[in-house]
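The form predicted on its own is given below as one chain in structure tokens.
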Amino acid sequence: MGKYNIAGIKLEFNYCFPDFFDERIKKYEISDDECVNARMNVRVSDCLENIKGTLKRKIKHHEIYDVNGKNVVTTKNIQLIYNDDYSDVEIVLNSALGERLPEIEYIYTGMNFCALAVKRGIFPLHASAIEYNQEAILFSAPSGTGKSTHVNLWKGIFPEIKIINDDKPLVMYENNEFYVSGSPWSGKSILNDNVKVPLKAIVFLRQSPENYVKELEDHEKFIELIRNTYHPDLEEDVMNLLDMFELLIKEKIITSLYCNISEEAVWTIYKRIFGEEK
């Protein structure tokens, strides 16, 4: 509960469940005197207000209403009130959610921060990101299929590496370079760091008895990136994201590694990324 600098977004963030957030977010704290460019507030209520204005659009099963220039979405237990660029967000949670309240707060604040980030030209990737030799390597895989395990293999060989974010690192393009930053939204793990590191490579992991690199065609890289990022609602944001992916594919190593749980898996992708074994 305070002010934070997350990937250059200065956010005033008031959350309800400090036991869930405090340890994850303290690295991003800034002075109360700092000016912010975004706000997110969460509150718990025994009853959600029945707010309806002018129907703006429908997304899946939800209706978005315009109420005095703000977007309002109401479900059974959650109400979102936000402006078009997500720089001012209020999340109202129904107390009926009970024990799930901390988890729901974490999920919905993370979703809204991702929406805000995309508006600022920053996208989250479902991956575990490490810093090695002052560069970032991102390992992406479906949940439960080994990205954190693979990172632990790297840590065993290179104890100096740092975890940037173990679930949703943030990728941005600034001054003709791609960078990776951490954020407090790091999935089930609390592993994240308040750093900004040049991006070296993105590796999509697949389980296999043998270790080998399979190079991806450009259209396959697009598919993997789209599959593993936040999906904006508006076409304009989607197009901006695709433009960023096109540039990313041209400039950075994006490949796939079929691997087992062995040090050989690390050396297989290490050679692909750096051109030689250490």
Partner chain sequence: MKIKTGYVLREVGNQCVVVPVGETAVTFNGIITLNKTGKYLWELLQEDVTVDDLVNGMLSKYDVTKEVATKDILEFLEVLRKHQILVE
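Note that the coordinates shown come from a computational prediction; the quantities given were computed from them, not determined experimentally. Residue numbers count along the first chain shown, from 1.
There is also a form predicted together with its partner chain; it is not shown, and the following applies to it.
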*So, in the predicted bound form, is P232 in contact with its partner chain at a 4.5 angstroms heavy atom limit?*
yes
*asked:* Although the partner isn't part of this model, could you tell me whether K214 comes within 4.5 Å of its partner chain in the predicted bound form, counting any heavy atom of the residue?
replied: no
*asked:* Would you classify E29 as touching its partner chain in the predicted bound form, given a 4.5 Å non-hydrogen atom cut-off?
replied: no
*Taking the shortest heavy atom distance, is E246 within 4.5 Å of its partner chain in the predicted bound form?*
yes
*Taking its partner chain in the predicted bound form as the reference, which of V44, L242, I51, V36 has a non-hydrogen atom within 4.5 Å?*
L242
*asked:* Quick check for you: of 36-44, 65-73, 205-213, 218-226, which stretch puts a non-hydrogen atom within 4.5 Å of its partner chain in the predicted bound form?
replied: 218-226
*For the stretch 103-134, return the residues whose heavy atoms include at least one within 4.5 Å of its partner chain in the predicted bound form, in the order they occur.*
none
